[in-house]
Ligand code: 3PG
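The form predicted alone is given below as one chain in structure tokens.
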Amino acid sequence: MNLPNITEAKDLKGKRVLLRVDFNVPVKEGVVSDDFRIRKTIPTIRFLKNTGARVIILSHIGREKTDTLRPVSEKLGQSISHVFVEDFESEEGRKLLNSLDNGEIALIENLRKWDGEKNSDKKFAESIAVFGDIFVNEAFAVSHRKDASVFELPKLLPSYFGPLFAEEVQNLSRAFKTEHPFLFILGGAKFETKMPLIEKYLDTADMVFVGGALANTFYKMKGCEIGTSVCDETTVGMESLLDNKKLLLPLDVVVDGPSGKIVRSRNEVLSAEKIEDDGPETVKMLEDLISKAKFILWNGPLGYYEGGFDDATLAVASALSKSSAEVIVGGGDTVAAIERLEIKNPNIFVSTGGGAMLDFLSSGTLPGIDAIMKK
């Protein structure tokens, strides 16, 4: 896919560039706790600054109107000098944005404070477009949505993609034509959204391992006891996948219940227990598969990572760090494991996208891509 890249644009000096990024990062007690997405975007901001462009950064954070990008602004300020604009529609906000000089940067407050963003309102997009000459989409992780700043705004201005976005598409596209053996590891929850990927890659991959909460749903379809574990009821028509020899499920699990945290075989789970992580035998199986694979795609944790059940996820991340295979990793907790272990394997590409990564792998495009490419 040949994307128009802002790095190839000419004469950006003095141009007002609306840069859509994804600064939807975790914040704890008013402080950014994981700045991965911010760090990945800084080179693009610096590139635009050095060309003399007047940069206006757009992003959302959280789900509520009360969520604020102020902690992000403070974190970004450690690397990039900028002004923070609370309300771009106010007189003060307009004055700040219109007074930017060449090479100066502004960050607008959480776009989801305005209903028009989530509603994909064209008028809301128009109210932002008046501040720009050029639009740049550097928010791959949000481009599976039709938010106004992603889907409507690029229709109103000459539009480009950022180098990080282009890198995402280039690397993820490798999954469409890979070396074999090809191992696909899929964890997390949201069975309904991930099922199309399982179906697709059972055809193209050599092995598809399904772990985490997703595996609970498969075992329930098999008639196995899963206790009080998280699972999905939307499994109509999926029973046929159980007979596919490429589909691999956990051999053992870590449960939490009346007897505490213990390891059990998948067919020994008790009704009062909750499956929280994949077990050590499962990890050994995955380590063996990883050692033999030439291409590996991994999305989603293998346990309740945020709740401290992270052994299996960290073990897989560690195994990937030693692998010579080409590896693509995506999804919040999955990326957190890579970051936590400070893995630097040059064969591993870490995607900024979770849902966007899954949607792109499923369809080969995203609404945010189509908004520019079909214009």
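All values reported here derive from a predicted model rather than from experimental measurement. Start at 1 with the first residue shown and count on from there.
Not pictured, yet referred to below: the form predicted together with the named molecule.
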item	value
The named molecule: the contacting residue among L97, A205, L111, V142 in the predicted complex [heavy atom, 4.5 Å]	V142
Heavy atom of N24 within 4.5 Å of the named molecule in the predicted complex	yes
Partner proximity in the predicted complex: R63 to the named molecule, non-hydrogen atom cutoff 4.5 Å	yes
Exercise: R37 in contact with the named molecule in the predicted complex, heavy atom 4.5 Å	yes
In the predicted complex, segment of 73-81, 174-182, 143-151, 285-293 with a heavy atom within 4.5 Å of the named molecule	143-151
Heavy atom contacts to the named molecule in the predicted complex at 4.5 Å, residues of 330-358 in sequence order	G355
